[in-house]
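The chain below stands alone and is given in structure tokens; this is the form predicted alone.
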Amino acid sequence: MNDFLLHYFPNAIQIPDEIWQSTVETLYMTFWTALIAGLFGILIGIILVTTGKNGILKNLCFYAILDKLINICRSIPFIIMLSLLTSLTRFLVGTSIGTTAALVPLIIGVVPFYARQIENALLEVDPGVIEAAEAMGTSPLGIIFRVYLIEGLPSILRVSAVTIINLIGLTAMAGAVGGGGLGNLAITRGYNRFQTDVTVVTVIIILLFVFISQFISNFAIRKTTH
């Protein structure tokens, strides 16, 4: 086994601590971004659905403004957003370099994407169920929690899996510009020092993250589908 690693991964085998540290940093960015952006994304997605054309709190003017803002944010390439948010990041966390600093553009970049995914997921809820709840005198808050979020749970889990996989890719991109994590390791070691085996190792670890998150989401979807 050692001979195999020495032959195919001569550089990677010499830096196990760096690989482990970069993996932890990627998990750190993924976890906190998913948690914070997830909460904001669900909230904004609910607002979009409830204030839209057929929403229970219909407000087309408010919906149009929020809809346009989300479209604008989603249209900005993430690598450009990293640059645009440098001053804001430095103001919020005191630096624009490192994993904590990377959370700011990651969260801002993920929220509009996830909010739109949540909107699409909740729009799949059967309108008949919503009308029945309204006829029974259920409050708007009750409809949100007892109908939208419960009936739309499988779709929410599905779009959440897509978002997390997309987020893992964004953490690698953030790492390429000083955000730390596996992306940073792949650039500083694999690309700049021509250590291709290090790049291969980072790709393998990222793929493992993707496969594991997809497996967990598929399991959860099967358990909640009825």
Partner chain sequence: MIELNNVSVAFRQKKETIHAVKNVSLQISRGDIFGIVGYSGAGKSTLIRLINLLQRPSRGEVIIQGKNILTLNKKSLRAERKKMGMIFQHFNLMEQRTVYENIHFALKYSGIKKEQRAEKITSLLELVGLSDKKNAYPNQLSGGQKQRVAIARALANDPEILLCDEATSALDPKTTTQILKLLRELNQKLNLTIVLITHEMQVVKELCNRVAIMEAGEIIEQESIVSIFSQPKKNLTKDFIRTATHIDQALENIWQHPTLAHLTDNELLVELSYVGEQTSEPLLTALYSRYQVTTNILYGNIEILQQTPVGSLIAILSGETLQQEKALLFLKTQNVTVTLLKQHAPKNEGQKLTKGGTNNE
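A quick note: this is a predicted structure, and the numbers were derived from the prediction, not measured. Residue numbers count along the first chain shown, from 1.
There is also a form predicted in complex with its partner chain; it is not shown, and the following applies to it.
The listed set Thr138, Thr86, Gln117, Thr100 contains one residue whose heavy atoms approach its partner chain in the predicted complex to within 4.5 Å, identified as Thr138. For the chain shown alone, Ile107 is not a contact residue for its partner chain in the predicted complex, no non-hydrogen atom being within 4.5 angstroms. The closest heavy atom approach of Ile76 to its partner chain in the predicted complex falls outside 4.5 Å. For Ala133, a non-hydrogen atom is located within 4.5 Å of its partner chain in the predicted complex, even though that partner is not displayed. Shown alone here, Arg146 lies within 4.5 Å of its partner chain in the predicted complex, counting heavy atoms only. In summary, the region of this chain contacting its partner chain in the predicted complex, judged by heavy atoms within 4.5 Å and restricted to 146 to 154, 67 to 75, 109 to 117, 89 to 97, corresponds to 146 to 154. Residues in 94 to 114 all lack a heavy atom within 4.5 Å of its partner chain in the predicted complex.
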